[in-house]
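Structure 1 and structure 2 below are two forms of the same protein chain, each written out on its own as structure tokens.
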Structure 1
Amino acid sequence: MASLTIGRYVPYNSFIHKMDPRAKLFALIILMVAIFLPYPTYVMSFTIQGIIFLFGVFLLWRSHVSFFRVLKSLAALWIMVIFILIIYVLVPRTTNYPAFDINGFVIYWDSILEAARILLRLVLMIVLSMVLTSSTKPLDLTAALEWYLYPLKLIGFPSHIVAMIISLALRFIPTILDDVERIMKAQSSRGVDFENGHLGTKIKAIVSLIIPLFVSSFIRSDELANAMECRGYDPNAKRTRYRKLHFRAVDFIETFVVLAIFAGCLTLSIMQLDAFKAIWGITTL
């Protein structure tokens, strides 16, 4: 279960925690796009990723997310890493920069660099998302999401219902994880082995977990629906809002900084500008 709690909210009183979730969500999306824009050379990519990475590290530090937790969540990525390495490095490409030649099997520099670029993107995505999820209460995040979905209401999209569904899902994640643990223990004491065994027994083990989990979740949702109805919830009625979002000066500054970074990245990307060549005249890969 530990891996599932890595991105969870950690209460602190940092300025990042206090920022408007809408500003934070906007920053995350914009920076992600900046990371994924195509840049003319690898070195340019790495430079930009490096700048954003440093920015991310700064945010992590200011929002009191422990670096240990970040490393732990990155460690969970190793399967991904191997997969990417296999695809990009071992599948032969034809370019002019061979790096190694192992008995005629050639690995090219740009395969390695491409794999590195993708890995860096992943790492950045995780770091930035962790800043957001560790410094923002799920409920505030939902409120931000609802705010962004608000224009869709005009075309009949039930953004308030979607937001309620998301916040209920978030509310019940810990409860359902408890259910998972309890059912696993109950089935283990009936002799189920969730770790070892061949495919057949493993499938049976999973079934003995999944079915009771579904049954109890259905009971929960049924009772929850009744309770909500009795407490006067009507999805189509107007509701007031307890948690109000406040966009303050710090949020404007943050949004401005992020937009500035984005504008820079976008310009470099659209013009396919190689800053190293343009300024110092160095040709890079």
Structure 2
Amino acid sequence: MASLTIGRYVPYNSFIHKMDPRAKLFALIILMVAIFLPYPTYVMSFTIQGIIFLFGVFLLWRSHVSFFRVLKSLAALWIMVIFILIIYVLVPRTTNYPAFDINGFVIYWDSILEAARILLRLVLMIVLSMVLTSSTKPLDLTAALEWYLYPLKLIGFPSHIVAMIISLALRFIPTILDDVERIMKAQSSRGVDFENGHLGTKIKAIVSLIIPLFVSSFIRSDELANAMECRGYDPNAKRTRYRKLHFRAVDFIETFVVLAIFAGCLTLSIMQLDAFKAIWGITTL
């Protein structure tokens, strides 16, 4: 779990680190929407998501985040992959293209391709979120969230409090994962086996992990609240900032590139012409 980089800021002097956090957050939201747009064919869907994946790999490289660490952090998705595959195999959307037969039970290509598309979307979400959190300081991310939520202040919405809560949650993801690893090592040294044994033994092992983790998290949150109070933090007071956020030329270029990608994805998503489908392949595949 120590290799998981989601929520962990990696300080470097790259152009992505220097970008305005508001532009990076906007790009993340736009690309997330582009990923989940419906496309008429699987070929088109995998092609577009593959292009976005390559774009995300480039951003990871420029953010100095090792792609092998990303692969390690994705290893925990195998349970979700199996679950998704089972769901789509048991409840196929179409029965037009059988893939193979297992003792009379037919598995269709649509089920396999749909599960693969969902998996690729999850991978893209993690990759893009990792780019944002590894290249943006928690305080800058809080400022960006508060800037976007500022219009809601007109109706009395506590935008600053919500932004601070989200920022702290992202900040403490790696800390909690470090606590999990530390507690697992401590419990393993006391004879707790997290890998072997029957179901009852594994449940007891998980309980021995969860309870100390909750206690540690509550202690850490109490210490954080005390530290913020000692420094005079008041969520209802008008706050000033030492560093002001400013859009630069690179931020406008990045926003233009992301909007161009989104416009292309949106155009391909709404185009349902038969001639266009004929270029990309069969209607379903």
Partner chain sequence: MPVKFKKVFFTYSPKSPFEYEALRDINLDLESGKFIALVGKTGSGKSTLVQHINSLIHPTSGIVDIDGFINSGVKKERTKDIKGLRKHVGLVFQFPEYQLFEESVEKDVAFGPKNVGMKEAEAIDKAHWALEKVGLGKSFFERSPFELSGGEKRKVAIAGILAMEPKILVVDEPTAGLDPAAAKDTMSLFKKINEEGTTVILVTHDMDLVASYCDEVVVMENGKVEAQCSPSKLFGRDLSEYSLQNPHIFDFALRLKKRGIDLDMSSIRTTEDLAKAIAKRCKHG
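Basically, rigid core = biggest C-alpha set you can superpose within 1.5 Å across the two forms. Model, not experiment: these values are computed from the prediction. Quick note, the numbers are simply positions in structure 1, starting from 1.
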{"query": "Form predicted on its own - structure 1 or 2", "finding": "2"}
{"query": "Smaller-part rotation in degrees, where the chain is treated as two rigid parts between the two structures", "finding": "13"}
{"query": "Value in Å for the CA shift of Val162 between the two structures, taken after the core is superposed", "finding": "2.8"}
{"query": "For Ala205, CA displacement between the two structures after the core is overlaid, in Å", "finding": "8.4"}
